[in-house]
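For reference, the chain that follows is the form predicted alone, supplied as structure tokens.
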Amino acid sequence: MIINRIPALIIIAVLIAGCGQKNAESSLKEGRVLSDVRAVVVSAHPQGSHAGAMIMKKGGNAVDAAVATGFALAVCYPAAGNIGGGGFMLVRTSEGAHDLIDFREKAPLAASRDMYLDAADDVVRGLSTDTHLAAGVPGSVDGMIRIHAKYGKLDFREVIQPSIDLAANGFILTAEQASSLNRSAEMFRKRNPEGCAFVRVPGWKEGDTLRQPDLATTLERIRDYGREGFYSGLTAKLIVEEMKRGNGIITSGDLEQYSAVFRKPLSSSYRGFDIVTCPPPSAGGIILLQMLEMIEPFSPAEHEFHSPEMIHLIAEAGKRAFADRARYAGDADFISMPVQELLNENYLKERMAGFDPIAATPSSNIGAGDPVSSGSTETTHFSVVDEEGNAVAVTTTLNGSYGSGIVVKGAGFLLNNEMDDFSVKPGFPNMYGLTGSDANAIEAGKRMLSSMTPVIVEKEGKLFLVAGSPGGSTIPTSVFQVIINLIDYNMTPRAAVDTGRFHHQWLPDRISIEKNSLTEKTAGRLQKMGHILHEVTALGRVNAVCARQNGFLEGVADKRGDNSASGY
């Protein structure tokens, strides 16, 4: 009789566990804006945010949730979420300590400075973006595993499991995702002649379920074997075979030698707020801090929001910061980069000495400064804060939308095209229009320059903001504008994120402005000042968490896209 009762007890236990799971899920708040929550994840996809929030509900901390979200986005947000790319994770503990892990991709050991040039030293179009040669050695898996080992509370197997379930069981496509996959179908067919999970005949529609069994199996190997489940064994073998199939150069040695690096974050202050962000090999943090320092003496809040004077001031600061980026920025492990000199207050005052408040300075008249003598189209960002006050800002990328568009056969994940973020030739623009110098030239084992700008802002030692954005070169200016919207213009978090944006990156010499962001009168005055205006659909997708004075959190998912917040 006891033997006969065991199955019944098991069934009852399973039903109770299932009810508990459903109750936990139903207790989550989910939407684009969440107010008065104690823990929250804001990411590019509802399933990604949900996965992270559920991990916190099970007792995990912000790092556990960030790792769960990162792996989940590799499944449900293939345009940018990834295990075949890289990025940066910025951590603030509840005690106020800061840490950053750099899991940016690296150039393969067989890479060389002129690998994308022909016999006439001209750049071969598409070689650094559309082929197997475009892929850098992936860093996301190593980075997530290392940061979890240092700060995570839950078992790694539990943290990665939601992504495995999403890949195996599938997830429901949003209208935007279905449209994106259909627009990219021809690219997928061309670069994956034997087929891949992202192509469907006659096409995708909203509400369809996307299943990725190969990716599920790859994630299971990571769950079961950790780092070795990706950088060696079967997955590594599949990557190398994919490289040979397309004349790529990543080898088993590249994979075995890859290692993410813990770095000291950059920090500065702006109007009494402490700004903590990403160091090189991302230039985004330097650009953000330079622009804040350059505009602070000019008191932008004295000008009406989105007035010609306000936009002119910020555009001119942007020109100077991006000119410095082109000249000095690169992997500080390979070059001597004057980081502290570039952030020096006196140097930045000198950079703005030629600022004319009523006329634009042509970019041709602005070069890089001399700091020594003076003393991204696809990336994704998610922000996490847990009940204890631990905060995480994570920006990861494949570079272009869907990276190279090449899926590793049998492994189910997309390869990045991050090699285009190097200066493939000095002065030649990358896919985002950014130029660079020898500081960012290709070298074996070197990390390519980035614009990723995860940021944590504090006020008097207390958490104020966790934020970041995708968008290539527009990342630091998108984050910058959210910060000044909150600090200088006292906007609500939702307004600070959703309001229209603009961007100037030195070259090309124009201000990109989101459609319907400015009045005709303002646009006309900017043009009279000498600015060229370029209208775009959207700039960045900032996902932010604000700590409110009442002790609760407010999560804001950018209205640009399928971004979503989940918390409790």
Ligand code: DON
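The first residue of the sequence shown is number 1, and the count goes up from there. Remember, it's a predicted structure, so these values are computed and weren't measured experimentally.
Not on display, but discussed next: the form predicted together with this ligand.
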Query raised in the report: So which of 451-459, 337-345, 195-203, 120-128 is the stretch with heavy atoms within 4.5 Å of this ligand in the predicted bound form?
Result: 451-459
Query raised in the report: Would residue 219 count as touching this ligand in the predicted bound form under a 4.5 Å heavy atom rule?
Result: no
Query raised in the report: Contact between residue 383 and this ligand in the predicted bound form at 4.5 Å, heavy atoms?
Result: no
Query - Partner contact for residue 378 in the predicted bound form: this ligand, 4.5 angstroms, heavy atom - result: yes
Query raised in the report: With the partner left out of view, is residue 421 within 4.5 angstroms of this ligand in the predicted bound form by any non-hydrogen atom?
Result: yes
Query raised in the report: Does each of 104, 399 and 432 have at least one heavy atom within 4.5 Å of this ligand in the predicted bound form?
Result: yes
**Report entry** Among the candidates 139, 285, 470, 403, the residue which, in the predicted bound form, approaches this ligand to within 4.5 Å (heavy atoms)
**Finding:** 470
